[in-house]
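Just one chain is shown here, as structure tokens, and it is the form predicted alone.
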């Protein structure tokens, strides 16, 4: 009747023996009170340590992929491994923000120097590579650099928590680990696509705008940024994007400022198209409309666009395509590419509803133009 317990203690004395009751019920509780945190710390260390090994494998693989890709463009006597390692450790120091006045100008200057330095060193390193191939190398280096940074940060907190026996430091990195792993795996998945010059999810904006520019005369307004014109419903429409198929994002802020200030084009409406980070539960490829400058980055271009739009009182509309952070840095997926038709419909509707015949409209496709021409 007592089942297995009755077979072990047939006389039922187990429930009447104080010492045995103590051993069965109170001793494990005392053991967990004394050693529970150490057991939990061992489990967390083990989990974070396994993830750290994955990050190291990813970092090393990305580094080797970059070296193998660049190797065909450099002289045999060049120490390519040392050069690539130097690129991966390269950093940019943010300007002082105690006095925020002029910080955008400082950021713009630092980013210009950073980009010029990277491009110049790659040109000297791979003299036989053309502009598109150099942009592929630069994109690969950015991926490898990001993976290297992720590995170093996770390793820092892992070793710090282990050294100080601080469970709470380790718990924080453990809780963020699924998100960090997802981003790292997406970066690894982007490497083959970048090498093959396939469009990324972030390139959906230039993909839409580039379709309007095919067969039209192009003009370069700013670094890696081109425009073309067409007429839609009696309006003069200027299309702008980064120059592809190289992996560029261009300088849309400076291009818009030059278009309005120097070329004296009286724009009545600006429409910006970009990928946007979706929330969990939202469907990839959903199209949403809003107000404002749809552009990411550190904020320099966004500031310049908002400034010129405010100065000349130009309505600023945004069309975004929802996608996850993993989809944004991975090869463009079909469900995101299919959103192109909905975006085009939204562009036509905004032009029709918000402007009159004879007005000038600017449509800007924002994003990385790798593998996307015009």
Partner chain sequence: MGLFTFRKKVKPIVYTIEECPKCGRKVKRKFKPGDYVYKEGEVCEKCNAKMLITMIYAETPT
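Note that the structure is predicted; figures quoted are calculated from it, not measured. Numbering follows the first chain given and starts at 1.
This next part talks about the form predicted together with the partner chain, which is not shown.
If contact means any heavy atom within 4.5 Å, which of 310 to 318, 334 to 342, 65 to 73, 37 to 45 contacts the partner chain in the predicted complex?
That would be 334 to 342.
Would you kindly say which of 255, 207, 140, 271 lies with a heavy atom within 4.5 Å of the partner chain in the predicted complex?
So the residue touching the partner chain in the predicted complex, by this definition, is 207.
Only one of 217, 192, 97, 130 gets a heavy atom within 4.5 Å of the partner chain in the predicted complex. Which one?
Of the candidates 217, 192, 97, 130, 192 is the one lying within 4.5 Å of the partner chain in the predicted complex.
With a 4.5 Å heavy atom cut-off, would you call residue 291 a contact of the partner chain in the predicted complex?
No, residue 291 sits far enough from the partner chain in the predicted complex that none of its heavy atoms falls within 4.5 Å.
Is there a heavy atom of residue 121 lying 4.5 Å or less from a heavy atom of the partner chain in the predicted complex?
Outside the cut-off, so no.
So, residue 184 and the partner chain: in the predicted complex, are they within 4.5 Å at any heavy atom pair?
Because no heavy atom of residue 184 falls inside 4.5 Å of the partner chain in the predicted complex, the answer is no.
Would you classify residue 196 as touching the partner chain in the predicted complex, given a 4.5 Å non-hydrogen atom cut-off?
Yes, residue 196 lies within 4.5 Å of the partner chain in the predicted complex.
If you apply a 4.5 angstroms heavy atom cut-off, which residues in 341 to 374 are near the partner chain in the predicted complex?
Contacts from 341 to 374: 371, 372, 373, 374.
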